[in-house]
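Okay, here we've got a single chain as structure tokens, the form predicted alone, with questions on binding and movement later.
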Amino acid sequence: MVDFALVHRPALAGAKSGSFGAPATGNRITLAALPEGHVLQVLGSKGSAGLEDLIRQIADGNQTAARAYGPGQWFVVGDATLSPTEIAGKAALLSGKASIAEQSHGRIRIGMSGGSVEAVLAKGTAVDLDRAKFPVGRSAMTLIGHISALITRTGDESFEVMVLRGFAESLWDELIQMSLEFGVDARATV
């Protein structure tokens, strides 16, 4: 058997806006590659109603970390990497009512904020992102252009977009293009 070390490379490490996590900033918009901490997919068992409180516990009480994306389906996200023991502890809280699938290796999160963030996202999706209809904590699985993504409002003027890892660079470039009129540097592509 050959021993070798796996080298983790962040999906958006090559963003020309700077080192990993350095934002692409404009007059009224900021895009940032978020840490590739953890993404847990939670799937409710048939007939398991009222899981919201348990899901919030798994998300450590963070209102925007638990994201419903379908009936009985959530993503729980965070900046910290979780050990297998920590994931098992979270799974134990569900006690047969739901299961957890660790998805951290396959999903990337991009943060967007600023006074024009709704206008930028409106260029790529048909979801009504008005604050009254899409409050903090709300999520929607949608398309941004041709890329499937989960959009979550994380603040009054901030969103997080989660996408499959293989589409992260394409989505980043698309978001930069959509943000150009708001002063984001076109050289901030991956």
Partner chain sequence: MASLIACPHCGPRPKEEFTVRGDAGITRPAPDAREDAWYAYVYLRDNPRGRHKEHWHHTSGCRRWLIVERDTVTHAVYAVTDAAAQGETA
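These numbers were taken from a predicted model, which means no experiment stands behind them. Residue numbers count along the first chain shown, from 1.
A second form of this protein, the form predicted in complex with the partner chain, is not displayed here; the remarks below concern that form.
- Scanning 72, 115, 106, 89 against the partner chain in the model of the complex with a 4.5 Å heavy atom cut-off leaves one residue, 72.
- The partner is absent here, but in the model of the complex a heavy atom of 127, alone among 59, 39, 163, 127, sits within 4.5 Å of the partner chain.
- Heavy atoms within 4.5 Å of the partner chain in the model of the complex are found in one stretch of 43 to 51, 30 to 38, 154 to 162, 59 to 67, which is 43 to 51.
- Residue 136 falls outside the set of residues with a heavy atom inside 4.5 Å of the partner chain in the model of the complex.
- Not displayed here, the partner chain is approached by residue 140 to within 4.5 Å at the level of heavy atoms in the model of the complex.
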